[in-house]
Ligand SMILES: Nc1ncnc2c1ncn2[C@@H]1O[C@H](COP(=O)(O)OP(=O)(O)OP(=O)(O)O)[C@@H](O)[C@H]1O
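So this first bit is one chain, no partners, the form predicted alone, shown in structure tokens.
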Amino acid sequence: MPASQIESNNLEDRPSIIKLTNISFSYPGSKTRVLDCLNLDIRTGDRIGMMAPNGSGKTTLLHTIMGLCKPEEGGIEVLGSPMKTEKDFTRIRSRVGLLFQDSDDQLFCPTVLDDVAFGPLNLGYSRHQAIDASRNILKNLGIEEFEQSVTHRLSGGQKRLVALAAVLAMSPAILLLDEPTAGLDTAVKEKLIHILKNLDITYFVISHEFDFLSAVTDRVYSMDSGKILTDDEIHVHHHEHIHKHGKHPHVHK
């Protein structure tokens, strides 16, 4: 079912994929809470964007969802199960596809095909099954010509698409995308927009580019003081920035 149709249904009819309740987190040695009693509920069919200043905690939020940052307080549920131990997070990481800001953090195999097949092989696919699945993903993304390319020699945009292919090859239930357009030229951005709009998958996208978010998401959130601000609390202006109480008259200094 298209996301637009799902959106029209009662929110409660759609199961939560990721639910954060009163999450608080601060980095060791710091008294400042990056996340402060934060709440987030991502449900099946959601296509949510997030646009907020650097240092507001966006990447920390994604790392907390994945169990890479351990909250001091609060609860995390993924696919209906509470996440309490490293074993819990290990079990669901193949179902939650995280695209890192820097593709070099994600790609480490000799060739593109090896990188994309790595996930399916670790899920128990045979070598033949993993290669077939990887080639299908590369073809669907229109980058099959890079199959035998040496990954580290690709351009930044090409690496970003390969990293996305590697995530999609694991058939995740949701995508978490951290600044997927950073450093990309216009042609690759347009290709990424086309890919995302045609994916039948729930996703949560962090980006500083409002045009990109407006093209691929149904609503845009922000962050302030360690908390998430939803549609009712923010407003995007024609000069393409986002902040709290934006609907009210105010002066930019």
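Keep in mind it's a predicted model, so treat the numbers as computed, not measured. A residue's number is simply how far along the shown sequence it sits, counting from 1.
There is another form of the same protein, the form predicted in complex with this ligand; it is not shown, and what comes next is about it.
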query: Heavy atom of residue 38 within 4.5 Å of this ligand in the model of the complex; finding: no
query: 4.5 angstroms heavy atom contact with this ligand in the model of the complex for residue 129; finding: no
query: Residue 208: touches this ligand in the model of the complex, heavy atom cutoff 4.5 angstroms; finding: yes
query: Exercise: residue 101 in contact with this ligand in the model of the complex, heavy atom 4.5 Å; finding: yes
query: Heavy atom within 4.5 Å of this ligand in the model of the complex - residue from 192, 34, 216, 184; finding: 34
query: This ligand in the model of the complex: contacting segment from 184 to 192, 55 to 63, 40 to 48, 197 to 205, heavy atom within 4.5 Å; finding: 55 to 63
